[in-house]
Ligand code: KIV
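Shown below, as structure tokens, is a lone chain in the form predicted on its own; questions about how it binds or moves come after it.
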């Protein structure tokens, strides 16, 4: 079993999503909770983007006790200076430098050439290494970069002092099959095996978690993600999903994380509160319905043995929920369970009448209160025969 490091970018890429702005106080609360749940790296922001972000990163760096705290920086010496100033007071400071490497980005965004980018990487990674020990380098739009050129960039960054090489699927373009081929190629044709290989996958095609798990199978030992999968456009790989996959299917991946999974629901709720953006009800692991069941067949199985329909124990993820939800699809077992939970003896009621009356109620209503259910029970009591 090998450890997979969790690099959290909720406070940087997560906040870059429209309508996901976070206050300084909210960011500090989130950072402290990420630290407590044993995230390995916190990307606290992009110090070079504005003064407010820089000041917030400084406060985060002072409040985090155990985790590496990094700031993102473009390959510009002036921005690297600002990034280091923001994180230098952290117990474990780091700088995350990046530059685009795909031809479309080099030509149309940077108005540069492959050769010029190589020299910028060499100069700026070396410059950052002179500031602190932990240096991560990212090839922006790596998955649309020519493989041989990507290998040259990777080798240049490693020679200049990068500890971690990140391979981002910046626009969520690649598929798991292609990602396997890409990562296998660069592992066989570059020096990336000498350092930590990381990946950051975006979710534009809904493949972020699948691509991330593919990368782990291909040897990545760090994954970059966000709480609730927030981030640019369709978001990033979700922290809670990767951690849950490795906890549930560690046998397949032969890998684990140090994350305290019982804190996952709390950090999810905190991000929701700070950003003002809830997750959808059917969202994996932390969504309202992730461990709730209305269908009668499922409810019967869950009541007999939760593992019939739940591959995860909600308690393991800090989720406190009654998974049996009464509704129009519920069956006899769920209604009997409800009767018992209210302190009544189910033998005193005609269960089939309880089910019939309840389903009639749910034709017009989405949920039922205890008072409303008690009224149904009163109308479904068995008749007691009294001898003359």
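Because the structure is a prediction, the values reported are computed rather than measured. Residue numbers count along the first chain shown, from 1.
The following text describes the form predicted together with the ligand, which does not appear among the structures shown.
Colleague: For the chain seen here without its partner, which of 278-286, 146-154, 112-120, 164-172 has a heavy atom within 4.5 Å of the ligand in the predicted bound form?
Modeller: Result of the contact check: 164-172.
Colleague: Just one of 242, 90, 200, 135 has a heavy atom within 4.5 Å of the ligand in the predicted bound form. Which one?
Modeller: None of the others qualify; the residue that does is 200.
Colleague: Identify, from the list 266, 140, 300, 81, the residue with a heavy atom within 4.5 Å of the ligand in the predicted bound form.
Modeller: Here the answer is residue option 140.
Colleague: Check whether residue 291 has any heavy atom within 4.5 Å of a heavy atom of the ligand in the predicted bound form, and answer yes or no.
Modeller: Answer no; every heavy atom of residue 291 is more than 4.5 Å from the ligand in the predicted bound form.
Colleague: Does at least one non-hydrogen atom of residue 15 fall within 4.5 angstroms of the ligand in the predicted bound form?
Modeller: It does not: once the ligand is placed as it appears in the predicted bound form, residue 15 has no heavy atom within 4.5 Å of it.
Colleague: At the 4.5 Å heavy atom threshold, is residue 98 in contact with the ligand in the predicted bound form?
Modeller: Judged by the heavy-atom cut-off of 4.5 Å, residue 98 is in contact with the ligand in the predicted bound form.
Colleague: Is residue 72 near the ligand? Define near as a heavy atom within 4.5 Å, in the predicted bound form.
Modeller: Contact check for residue 72: yes, within 4.5 Å of the ligand in the predicted bound form.
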